[in-house]
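In the block that follows, a single chain appears as structure tokens, in the form predicted on its own.
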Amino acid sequence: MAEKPASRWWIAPAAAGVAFLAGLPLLLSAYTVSLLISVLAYASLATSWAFFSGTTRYISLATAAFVGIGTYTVALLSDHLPLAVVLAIAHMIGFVIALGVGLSTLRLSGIYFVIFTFGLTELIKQLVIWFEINQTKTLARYIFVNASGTLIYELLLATATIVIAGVWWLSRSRVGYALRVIGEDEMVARHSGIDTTRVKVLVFAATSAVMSMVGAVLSLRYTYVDPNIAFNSLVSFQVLIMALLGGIGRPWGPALGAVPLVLLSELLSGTFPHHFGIALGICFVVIVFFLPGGVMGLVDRWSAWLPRSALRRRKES
């Protein structure tokens, strides 16, 4: 019992850090708050993606689909319902759709699951385009919600905090251990008594619901959306690379990887707006060849190397 306080010494500093981040909008410019909104959004997306795909090795490229679902939920319902209700509905719709997708596709493995999830974004986008053209006769959806940048920031900060803390807790629970066994060898997981289908489907649905929530909150920044904006396939690849860059072995690794790529996107959008895809490709190559474990993997290797190096120097002296 005496080990618990020592093993959780970081809780108080973490709570203080969250409180500090919550007060930042009072100190920063609107532009900086807007930049932090993107960081928090992608931190939540990358953490959610890594918890399922990074652990089980079922690589999902459906992030953009669920972000778009959240965006369109707000576009359709924000004029009729209170914002809190709309966000809750976006979360629930993302969960239900992901549940159906998971039940029908998580028996697939390898490249087949990757291809299906990548095609899911395009499928939903085309269905939305067909509906808009045939029913509303326009692709435009306007969002008239009185939400300040500070409100959006606080909502995304709360989401990111809950997601990272939840992933940290779940990774140490039976669910986390089950996911890791599935990632190592799914056949062994089945023979160990793990209901692999239930674990995969529920975790996939829960993480996808978070993505829909993030999409719903982000949509409050816009006054206009269309299917091409809401269902942007590049988002799926951005989230994947962010998670790999930060490292999927720690709950906060993917969130760490979101920071440099958001800053890179902001830099290139002003100077080379059509070259971000090239930058993403270069980042992916760098990660594969030089950072296979991401930044957190590099930190772990340094942490293991420095004590050995110091011990070697002491022996030589």
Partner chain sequence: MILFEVVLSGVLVGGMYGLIALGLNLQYGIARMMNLAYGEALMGGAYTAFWFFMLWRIDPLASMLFSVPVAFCGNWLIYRYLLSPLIRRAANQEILEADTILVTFGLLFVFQGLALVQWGGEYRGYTYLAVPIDLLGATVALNRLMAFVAAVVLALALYWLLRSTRLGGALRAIAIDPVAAQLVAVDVPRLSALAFAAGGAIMAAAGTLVSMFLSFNASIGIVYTLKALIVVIMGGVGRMLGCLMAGLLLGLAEALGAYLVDPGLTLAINFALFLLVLLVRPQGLFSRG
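Numbering follows the first chain given and starts at 1. Quick caveat: nothing in here was measured; it's all calculated off a predicted structure.
Not on display, but discussed next: the form predicted together with the partner chain.
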Proximity of residue 168 to the partner chain in the predicted complex, heavy atoms at 4.5 Å:
no
Residue 172, heavy atom within 4.5 angstroms of the partner chain in the predicted complex:
no
With a cut-off of 4.5 Å between heavy atoms, is residue 245 one of the residues that contacts the partner chain in the predicted complex?
yes
Using a 4.5 Å heavy atom cut-off, state whether residue 151 contacts the partner chain in the predicted complex.
no
When the partner chain is placed as it is in the predicted complex, are 104, 237 and 282 each within 4.5 Å of it, taking any non-hydrogen atom of the residue?
yes
Hey, of 198-206, 85-93, 69-77, 122-130, which bit sits against the partner chain in the predicted complex at 4.5 Å between non-hydrogen atoms?
122-130
